[in-house]
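A lone chain, given as structure tokens: the form predicted on its own.
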């Protein structure tokens, strides 16, 4: 409570408010290190327990493919998961898309610490959360409260720039490229008008990647998306905003030549419907001509359905090996001992962070 109060006071909050869902980030052993494990050990020794529904971000790949990592790293990563679940965090979560496990309602107050989830909750669901640090989100889950500032207040949820995107978001890579550009030109919350696929699964997938990319090249916690964001904007207020247009030339600046025979999918994680969607796209786009392997990242709770299993078998028959990784994330993993070549991806978030955090090159390609 002391930490939450002091953070709130520093940000001008006048009181604490209840939250219904906390989401903790930064649980990779490559992020928190031994000192982070010691902090979690101390909290557990003090019988700390979350008092609201709490989920956690993906852990590193050390648990999923331990043969590539030092035994001490694997043991420490497993200990992090044990300590978090001992405090009551949903043991089936470990995903960057907590809204796939529990969908927050409009106006609901949250304490989330994953940038791509925060911006999705504020922009698409109409929930309210700041872009918290991992420790603050964990403490909010234990206290059941957060400070009332930032995105929890109406006056901070207003756009200051209007962006017209002249390129429809018709693929994951285009949506990602648009997001990378929007984030790079937006200092405050923008109001974005762009075309979105009418297919509900495709639309959700494109929005996720657009917003995750915005949050990658900016610190924005929210984007107003025309006909998507449930909060309304007065026409006079909208008309007064400065306008910026984005054409295809600016989007194409982000596309690169294929740099790898391995395609990375699931950054943010994919749910079951989205896995079906991308597997079918892989079949129809004949991606096997360009790639030999596909890595797909999904929540820990993910269960393979019969139709997904059949799609994977058919892709393998065509020469494309598909591997599913549950509960982990390549971005928060030291990949230098895992992959021997760069990675290709259609996700702006992966393209931005993997070279910086995972230590291997990555290119954004036109594949899906």
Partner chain sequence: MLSSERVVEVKVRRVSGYARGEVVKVWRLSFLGDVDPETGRLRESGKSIDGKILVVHSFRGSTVGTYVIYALASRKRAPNAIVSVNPDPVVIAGCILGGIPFAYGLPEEIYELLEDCDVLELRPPNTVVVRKRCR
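Positions refer to the first chain, counted from 1. None of these values were measured; they are calculated from a predicted model.
Keep in mind that the form predicted in complex with its partner chain is not shown, yet the notes after this line are about it.
The candidate site formed by 11, 36 and 134 is fully in contact with its partner chain in the predicted bound form, as each residue has a non-hydrogen atom within 4.5 angstroms of it. For the options 42, 318, 51, 309, the one in contact with its partner chain in the predicted bound form, meaning a heavy atom within 4.5 Å, is 42. The candidate stretches are 338-346, 299-307, 23-31, 65-73, and the one lying within 4.5 Å of its partner chain in the predicted bound form by heavy atoms is 23-31. Using a 4.5 angstroms limit between non-hydrogen atoms, residue 7 touches its partner chain in the predicted bound form.
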